[in-house]
Every structure is written in C-alpha cells, then in structure tokens.
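Presented as structure tokens, the chain that follows is alone, the form predicted alone.
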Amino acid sequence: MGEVNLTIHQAYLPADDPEAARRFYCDILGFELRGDVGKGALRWLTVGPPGQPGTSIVLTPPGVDPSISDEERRVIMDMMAKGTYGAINLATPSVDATFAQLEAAGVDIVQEPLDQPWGLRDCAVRDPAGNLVRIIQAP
C-alpha cells in the first residue's frame, strides 16, 4: 500500500442553539465563522481556527437524520443534556492562559488545568450544547 496522505477536514458536533454555539466557538474560542446554512432548528454552522482553513468543526442540529426514530432522538437529547454525546480535543500553547480566559468568560468548567499521568497538561469545559471540549497543552 502506498503512502497515505490524509488530513482532518471536518469534525461534527451537535448544537441545539446555533447562536449560543456561535458565541462560544467564535466569540470565546476565537474561531472563524465559515458557514451558516439554514434557519431555526435546521441551522448548521461551520467554524474553524484562524490560519487553518482546511480544518473545521460543523455544528449540526441534533437528531435531524430522517432515519432516526423519535426514541433515538430522545436518547440523543438525554445524552447531550448529560454531556456524554459529543466531544472534541483542542490544543493551545498555554492551557493555563486559555483556561483563565474561558473561566473569565463564564463557560461551564469541567476540569481545571491538570498534569495528567499520561504526560499531558489539560483542562475541560462544556460548550452550550453540553459537548465536552478538552484543551491540551500543545506538545
């Protein structure tokens, strides 16, 4: 097999309040808004870090796939409410400085900066939809 040359283009996270998601990802985390499609409960936002135009997060309405049953939709919403449905890991040059900014912005703190036994320093917060956003110190 030849060399594989892949990059991460898009990751998907559920977002049940597009305006709250835009404020969190753009105003607080500093991502660029790259796409805003649809309206109301059927609105998709695409955001990404400045200087990395090939990497984006698509914030999608949860449970809109027509093949998902009402029961499955309820399970998704329950898991989102518990913060167990979606997650993403981000990296920063300074976890402590980033954490201080997030704390000052009033985000939902899950874990303060901590040196993990596996060698990384990280912290964790939740976005407005309950997704776990873990932020690691860039190696």
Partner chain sequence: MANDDGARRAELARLRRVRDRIDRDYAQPLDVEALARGAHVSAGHLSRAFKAAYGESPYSYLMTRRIERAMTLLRRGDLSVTQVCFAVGYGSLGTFSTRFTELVGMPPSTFRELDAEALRGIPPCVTQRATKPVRNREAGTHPLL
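As the structure is a computational prediction, the values presented were derived from the model and not from experiment. Numbering follows the first chain given and starts at 1.
Beyond the structure shown, there is the form predicted in complex with the partner chain, which is absent from this document and is the topic of what follows.
For the candidate set Cys26, Ala91, Met77, Val58, a heavy atom within 4.5 Å of the partner chain in the predicted complex is found for exactly one residue, namely Met77. Think of it this way: in the predicted complex, the partner chain has a heavy atom of just one of Val110, Leu42, Ile68, Ala105 within 4.5 Å, and the residue is Val110. Each of Gly83, Phe99 and Pro117 comes within 4.5 Å of the partner chain in the predicted complex, counting any heavy atom. At the 4.5 Å threshold, heavy atoms of Arg126 reach the partner chain in the predicted complex. Although the partner is absent here, Gly130 lies within 4.5 Å of the partner chain in the predicted complex, judged by heavy atoms.
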